[in-house]
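This document opens with one chain alone, in structure tokens, the form predicted alone.
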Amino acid sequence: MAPDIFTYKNVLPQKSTEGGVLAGKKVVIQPNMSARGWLTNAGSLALEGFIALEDATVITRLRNAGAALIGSTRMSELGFGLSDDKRTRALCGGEADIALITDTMGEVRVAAATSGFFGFKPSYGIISRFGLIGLVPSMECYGIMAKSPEDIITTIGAIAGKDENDFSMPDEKLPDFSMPEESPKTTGVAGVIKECLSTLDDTELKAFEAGLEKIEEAGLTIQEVSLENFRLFQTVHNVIGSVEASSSAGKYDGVRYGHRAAPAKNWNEMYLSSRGESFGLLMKTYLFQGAYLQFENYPAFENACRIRRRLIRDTEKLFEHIDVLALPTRRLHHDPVRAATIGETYDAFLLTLPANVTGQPSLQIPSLCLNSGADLGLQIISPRLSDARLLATGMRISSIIHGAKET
């Protein structure tokens, strides 16, 4: 086992279904996804030594599809940000073909952009969260990172679908991920949010414009659109996310599992000491912020929920005139790995937060927005539950841009 990459390495990964759609594919997960008998500590001392008792629905479906589960890679605490992310190293080093990453703020897309991979955040509610150790339930979901869009399509097709164990899944018709017929050239309109452009510096803007020229070559028409409250995505996610995180982490008390502080005078002292020792500084800050908003300034949380509804409505209206939104995936001068404060973390994920707030699918496409060798990535976003069409569009853009033969 490589302890600097893996928290658990499956020595003899078993292919559960011969001939399944993922047969021959090596998959890594992160240790907030329950795999029976594996260490599942979610990157936090609060879950120190916890071993999953059963498989998450997603893990069961991966096994049934024939995937070889290689192991769990190190992750940031409770999936917040990318401070200790090792999935990209597993893919770059050939340890795996596909990685599952919790996308709470845009982690799967930003991690993919920094490494030249495809990263996909599906529509909220199409993948069961049963067996996932979550932090921000209303905005996080399983994300997929791979070297090819075909692997992402195959994986999402294998793991998406209704689950009687997850009562939070909406009763909606889910996307059909069977391979769509493709036209010789991608058509449609890609909207560019002018308020997003104002957040980019000159070098970032130049790289993004170069990326837009490339997707125009693939047949998409570029159209500037306005989303006046674009910067509010950051505030809304911060407020709602911290409140949900504070509530989600309330169960980590050191009583039944996880880290327990040294003997104390009474249960209350043990509980307080255990929680004080269980979380890192960044996570503590986030949880304290959420607790304050939840118990001392609840109207701020209510206002954030109202604004979120308005942002969803305003974004949906944009799709009356365009087919996809196009944004850079990451910012050159905001490093999510070295972010030490809540503000720095949110600044690093500014461009990926909208899809998490709205629940819409987003696909990161590599090698379109390059600046001196650094890849900003380019993400396309489409209406909720249009995942299959978005992936088909992304696959076609990639094949044309990277010189694949016309079909």
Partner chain sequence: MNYEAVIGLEIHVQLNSATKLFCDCRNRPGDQPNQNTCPICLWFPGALPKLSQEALEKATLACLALNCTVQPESAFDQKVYYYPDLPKGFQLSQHHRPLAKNGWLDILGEDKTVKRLRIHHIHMEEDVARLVHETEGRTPISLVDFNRAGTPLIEIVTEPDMRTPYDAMEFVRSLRAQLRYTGSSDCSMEQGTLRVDANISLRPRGTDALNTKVEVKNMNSIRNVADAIAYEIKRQTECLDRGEPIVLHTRLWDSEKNVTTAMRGKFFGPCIPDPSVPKIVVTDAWLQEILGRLPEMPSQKAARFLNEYGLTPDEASNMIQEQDMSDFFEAVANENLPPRKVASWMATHLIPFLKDNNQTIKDTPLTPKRFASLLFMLETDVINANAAKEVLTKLLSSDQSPEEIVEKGRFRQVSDNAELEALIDRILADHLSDVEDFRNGNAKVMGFFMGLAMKASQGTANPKLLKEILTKRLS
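Owing to the predicted nature of the structure, the values given are computational and were not obtained by experimental measurement. Positions refer to the first chain, counted from 1.
If you look for the form predicted in complex with the partner chain, you will not find it shown, but the lines that follow are about it.
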- Query: Which of these stretches, 375-383, 362-370, 42-50, 22-30, has heavy atoms within 4.5 Å of the partner chain in the predicted complex?
  - Reply: 42-50
- Option touching the partner chain, based on a heavy atom within 4.5 Å in the predicted complex, out of 81, 131, 211, 191: 131
- in the predicted complex, which of the listed residues (168, 203, 226, 187) lies with a heavy atom within 4.5 Å of the partner chain? 168
- Query: Any of the heavy atoms of residue 251 lying within 4.5 Å of the partner chain in the predicted complex?
  - Reply: yes
- Applying a 4.5 Å heavy atom distance criterion, does residue 199 contact the partner chain in the predicted complex? no
- Message: At 4.5 Å between heavy atoms, is residue 114 in contact with the partner chain in the predicted complex?
- Response: no
- Heavy atoms within 4.5 Å of the partner chain in the predicted complex: does residue 344 have any? no
- Query: Out of 205-244, which residues reach within 4.5 Å of the partner chain in the predicted complex, heavy atoms considered?
  - Reply: 243, 244
